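A single chain comes next, written as structure tokens; it is the form predicted on its own.
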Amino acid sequence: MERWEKLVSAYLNLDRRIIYLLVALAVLIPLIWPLNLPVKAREEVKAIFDTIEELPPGSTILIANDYDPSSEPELYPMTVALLKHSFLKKHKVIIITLWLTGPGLVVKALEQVKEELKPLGVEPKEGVDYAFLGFKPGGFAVILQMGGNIYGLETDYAGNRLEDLPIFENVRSLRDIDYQVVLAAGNTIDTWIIYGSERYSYLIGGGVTGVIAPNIYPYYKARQLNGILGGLRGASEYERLLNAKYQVGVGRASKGMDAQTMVHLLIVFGVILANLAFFVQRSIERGRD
């Protein structure tokens, strides 16, 4: 009995630094050595994957990267996965951001994707296979301009005239877009739906942070969005679908989900042990009485 009492007392008075160390290990180990825990893709995630997968090669996909570095952990992996998938399917990709803080993240994603696709023999060319329009201020006014005449945006991020780029030879407005995915940390999905897809009749999907996801499900239920990537989990599910099809390896989101799962299991295990210790301690105290 004395031994049990010592164990219970030691656990209930555990130094918080040990707890911090355990949490740190639960996060770091899966990030360094991915556990590849099973993940099942939900219907709304699979809808976006299937749309890009089933479009004929050469289709035009528009990606709106409307987020900043604070949302990078959840939305950046979506950008990388969507770019990889589009290039592997030989689609044309046009990227734009309505957020001032977006361009740096897009450039980083493009560099990463091109580097990771090289071993697979896929080398997308700027101006031919993809174009980055950069940050365009104006919100809905930019979308309306793209709906009327995309050349009205004049230049891409590098300063090239849009009408001189081969990728825009058959893309004059949003009506020529085959599919769009909006990755947003704010309310720009609403803006793209209202002034873009609903007005110019093209298909659109959305990727958002976990806290925003519940707010856009009504659009999905109303078929104004054909699919949703919700938070880190949605990004991870898309990465797993992509890896299962093309063996491109797991990305940052899958590693992050492994780490998140391990921390959650650690917390649950700790709560269970704490409750057991409490009841054992109370039983010991009653025995003394």
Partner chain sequence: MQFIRRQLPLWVTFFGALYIFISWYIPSSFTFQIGQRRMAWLGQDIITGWSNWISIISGVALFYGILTLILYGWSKVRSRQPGYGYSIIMLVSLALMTALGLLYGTKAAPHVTSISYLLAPGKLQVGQEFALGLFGQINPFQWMYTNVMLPLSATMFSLLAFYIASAAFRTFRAKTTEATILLIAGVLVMLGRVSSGDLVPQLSFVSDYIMNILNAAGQRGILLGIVLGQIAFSVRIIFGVERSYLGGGD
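Values in this document were obtained by computation on a predicted structure and should not be read as measured data. Positions refer to the first chain, counted from 1.
What comes next is about the form predicted together with the partner chain, which is not displayed.
Judged by heavy atoms within 4.5 Å of the partner chain in the predicted complex, the contact stretch among the candidates 163-171, 115-123, 86-94, 187-195 is 187-195.
Shown alone here, Met257 lies within 4.5 Å of the partner chain in the predicted complex, counting heavy atoms only. Contact annotation: Gln247 falls outside 4.5 Å of the partner chain in the predicted complex, judged by heavy atom distances.
The partner chain is not drawn, but in the predicted complex it has no heavy atom within 4.5 Å of Gly127. Among residues of the shown chain, Val280 is not one whose heavy atoms approach the partner chain to within 4.5 Å in the predicted complex. Heavy atoms closer than or equal to 4.5 Å to the partner chain in the predicted complex belong, across 38-55, to the residues Pro38, Val39, Lys40, Arg42, Glu44, ordered by sequence position. Wider separation of the C-alpha atoms of Leu31 and Glu123, by 3 angstroms or more, is seen in the predicted complex than in the present form.
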